[in-house]
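Coming up is one lone chain in structure tokens, specifically the form predicted alone.
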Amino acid sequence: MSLFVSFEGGEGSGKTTQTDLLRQQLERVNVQYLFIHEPGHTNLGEHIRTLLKGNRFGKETISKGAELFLFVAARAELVSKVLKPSLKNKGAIIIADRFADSTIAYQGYGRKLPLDLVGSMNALATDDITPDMTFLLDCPPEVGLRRLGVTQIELGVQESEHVGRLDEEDSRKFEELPLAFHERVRQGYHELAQQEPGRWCIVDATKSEDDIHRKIWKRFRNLLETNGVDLAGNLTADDLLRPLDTPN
């Protein structure tokens, strides 16, 4: 049986840090995995990433609808060329830094595009593939934005019909948007988690990196063992004693 796990969260929630820590832990116990992120991993995805970064068009912005179509197109290609073939392999473990839920939270709730439309486009792009578990790194937007160095959070800025691009490190400049946008994104994630409580694991992202990792690793390890992955043979006595393997 294959296993597909995704990580979600708002700006500055620590997703990248926690996916890195999980990958290090899996490597430490000799468990093979595939790591994916969007857009990317396919020729089309990389071209779309370049378009979204905006380097070819300078400071030109794009419409909310165009942004949605680009992300969904990259996802459809990723699912067809990478995700679906990988999930057919027995014992495959796939970790995603964001997946379809991000589009619902950011473009649906954040950008205020029709949720039914976003959901239909997501269903087409994903071929109805859903993660077995989704970790939501949850923290108040003010906390996450401060981590990114945002010292003044705009409360009353008019939100434009057009959106910016990705910055040079491939991360969206969502931190420049009003606080209300980030609050809607967080609300969207919570509503998604309420709709599928069995799939979502909400993690308090205001805790320390080690505390967060311990909770994630405990749930992930249980998920592995439930799916028939025997970690006992991969763990040394030192591994079993490591603080990262102890529950909160």
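Quick note: we count residues from 1 along the sequence shown, nothing fancier. Since we're looking at a predicted model, the values are computed, not measured.
A second form of this protein, the form predicted together with a small molecule, is not displayed here; the remarks below concern that form.
- The stretch from 190 to 198, 32 to 40, 218 to 226, 203 to 211 that comes within 4.5 Å of the small molecule in the predicted bound form, counting heavy atoms only, is 32 to 40.
- In the predicted bound form, the small molecule sits within 4.5 Å of a heavy atom belonging to R49.
- Contact between S102 and the small molecule in the predicted bound form is found at the 4.5 Å heavy atom cutoff.
- The small molecule in the predicted bound form is not approached by R28, whose heavy atoms all lie more than 4.5 angstroms from it.
- The closest heavy atom approach of F71 to the small molecule in the predicted bound form falls within 4.5 Å.
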